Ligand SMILES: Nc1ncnc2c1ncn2[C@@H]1O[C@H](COP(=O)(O)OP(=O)(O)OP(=O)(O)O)[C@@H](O)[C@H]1O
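Just the one chain here, laid out as structure tokens, in the form predicted on its own.
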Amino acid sequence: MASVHLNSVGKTYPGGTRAVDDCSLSVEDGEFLVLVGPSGCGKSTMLRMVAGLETITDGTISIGGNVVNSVQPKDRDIAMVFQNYALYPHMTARKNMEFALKIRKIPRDQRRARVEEVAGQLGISELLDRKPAAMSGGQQQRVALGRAIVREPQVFLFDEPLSNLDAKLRTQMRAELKTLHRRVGTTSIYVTHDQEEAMTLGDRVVVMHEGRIQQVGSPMEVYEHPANRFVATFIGAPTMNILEGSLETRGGRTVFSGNGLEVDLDAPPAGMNGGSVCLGIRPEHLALSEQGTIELDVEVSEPLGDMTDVAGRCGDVQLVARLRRINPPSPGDRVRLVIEPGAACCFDAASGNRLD
């Protein structure tokens, strides 16, 4: 196992497209780090630079304390699991998993023992004599994982490995990946555009946008204390409500007002009095209350079992609330809502950065 360090890493493609811009990041030995962001944000390019599949325009990458900018992929002691599995179609699962060990001239009996051990861990022993065409997508992904694990590399790299699976199988494979990491403990970097995967898998999460790192932290740190408006709206589903307006003090109260809506804030930004801001409220932090000052005219009601997503208008503002264990309101109803104490956050209207 090894740590991975990126120091001011950048990537510019021919033609001037800047895919990754001045990114610095440390992945600790044994950590499971997730890079998450929308398509085109640079997360896969960053992973491929760690793997050596993309050249680095500027900066340095170190693995296990050694700078690897000029080291060939095969010599970096990493194993990569791809979105499309990348199995050799003419080989059985056993031969696919043995291939890297064979290249390293590991004796045949040791190769077989190692493959059978890992196949047992992944529950694919019965697949070892099948070729990829005779396997489901989930089975192929397990074989691809097994091929990476048998190598016992310093670092695992995962490039959206679950995106081709159906929702149920993705959930199952997420749990298996987490269990596998606890057992093996190898440093892992995982790329996904799915924020649910990022939140459930990562020891830490790196949120990227337009080639830059926006925030690094534990899943709950990123969720509860987003660094800026982009992180706040990207992480979480339904997405955070963002209201544009201003803050002012009235008789010892701090009031947000905008678009015909006024909300008392129990935890306003320190020293903030006046000026344009954006108020962020997560849907699950809105609750029904007869004393609520937010009157929502319901347009859409979506029962989800133990909760209901309600969308509608409050003055000129569109809001979404996730309400717990209620009789679902119907379109046309008016409900009164209150923000849970300390749950709202404010962002600077110009920069989008969070105001504390």
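Numbering starts at 1 and runs along the sequence shown. None of the values given here were measured: they were computed from a predicted structure.
One more form of this protein should be noted, the form predicted in complex with the ligand, which is absent from this view; the next part is about it.
With a 4.5 Å cutoff on heavy atoms, residue 160 counts as touching the ligand in the model of the complex. In the model of the complex, residue 296 stays away from the ligand, with no heavy atom inside 4.5 Å. For the chain shown alone, residue 312 is not a contact residue for the ligand in the model of the complex, no non-hydrogen atom being within 4.5 angstroms. In the model of the complex, at least one heavy atom of residue 44 sits within 4.5 Å of the ligand.
Residue-level contacts in the model of the complex: of 30, 38, 303, 292, one residue has a heavy atom within 4.5 Å of the ligand, and it is 38. The listed set 335, 19, 346, 338 contains one residue whose heavy atoms approach the ligand in the model of the complex to within 4.5 Å, identified as 19. Just one listed stretch, out of 59-67, 318-326, 304-312, 44-52, contacts the ligand in the model of the complex at the 4.5 Å heavy atom level, and that stretch is 44-52.
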